[in-house]
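Below you will find one chain, with nothing else, as structure tokens; this is the form predicted alone, and questions on how it binds or moves follow later.
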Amino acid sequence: MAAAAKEILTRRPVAATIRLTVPAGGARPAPPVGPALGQYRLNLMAFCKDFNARTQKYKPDTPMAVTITAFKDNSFEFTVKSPTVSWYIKKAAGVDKGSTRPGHLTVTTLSVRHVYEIAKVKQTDPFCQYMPLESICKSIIGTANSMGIKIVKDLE
């Protein structure tokens, strides 16, 4: 009980929660990062250096979703998520965009192996960490179907 009370007393007041999509290794103090963090008087260069260091294992220009929690004392912390499932599906399928009429028009096909590989990458995300791999695969298959991409057992 005393630990919970101490944690509440040491909690810092939050000024804002900022959600951005920034290319991996490409955070610069220019827009969109600069104006978003500047209005809360956060240290732009510290964020850019930390973000670029955390995302250096990804290929450049991979869109990374980042959630920044800005505190009233001008400090911040952030979490970086892996790219969206739709981005991975488009890369694996080699298409620029999904179908204009999903369910009627099939753009391309993907194998179950592709789905499994995407699911393994997504399992490292903080929000998918405790989800079973099968559930993540089902979610990816649903996303692919809504993009007009058919999932097959093996590619011919």
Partner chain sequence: MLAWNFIKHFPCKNLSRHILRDRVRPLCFCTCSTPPSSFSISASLSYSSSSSSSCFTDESFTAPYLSVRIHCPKHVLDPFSEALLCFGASSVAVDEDIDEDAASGSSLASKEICIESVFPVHEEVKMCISQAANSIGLKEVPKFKVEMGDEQDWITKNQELFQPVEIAERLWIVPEWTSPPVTEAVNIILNPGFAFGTGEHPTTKLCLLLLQSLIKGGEAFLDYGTGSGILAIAAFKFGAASSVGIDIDPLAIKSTRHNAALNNIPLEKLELHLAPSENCSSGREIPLQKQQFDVVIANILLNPVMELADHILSFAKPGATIGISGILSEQLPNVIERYSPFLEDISVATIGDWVCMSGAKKGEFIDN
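Positions refer to the first chain, counted from 1. Computed from a predicted model, the values in this text were never measured in an experiment.
Form predicted in complex with the partner chain: not shown, discussed below.
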**Study point:** 4.5 angstroms heavy atom contact with the partner chain in the predicted complex for Thr109
**Key:** no
Point to revise | Met131: touches the partner chain in the predicted complex, heavy atom cutoff 4.5 angstroms | key: no
Review point. If you look in the predicted complex, which residues in 52 to 81 sit within 4.5 Å of the partner chain (heavy atoms)?
Key: Asn52, Ala53, Arg54, Gln56, Lys57, Tyr58, Lys59, Pro60, Thr62, Lys72, Asp73, Asn74, Ser75, Phe76, Glu77, Phe78, Thr79, Val80, Lys81
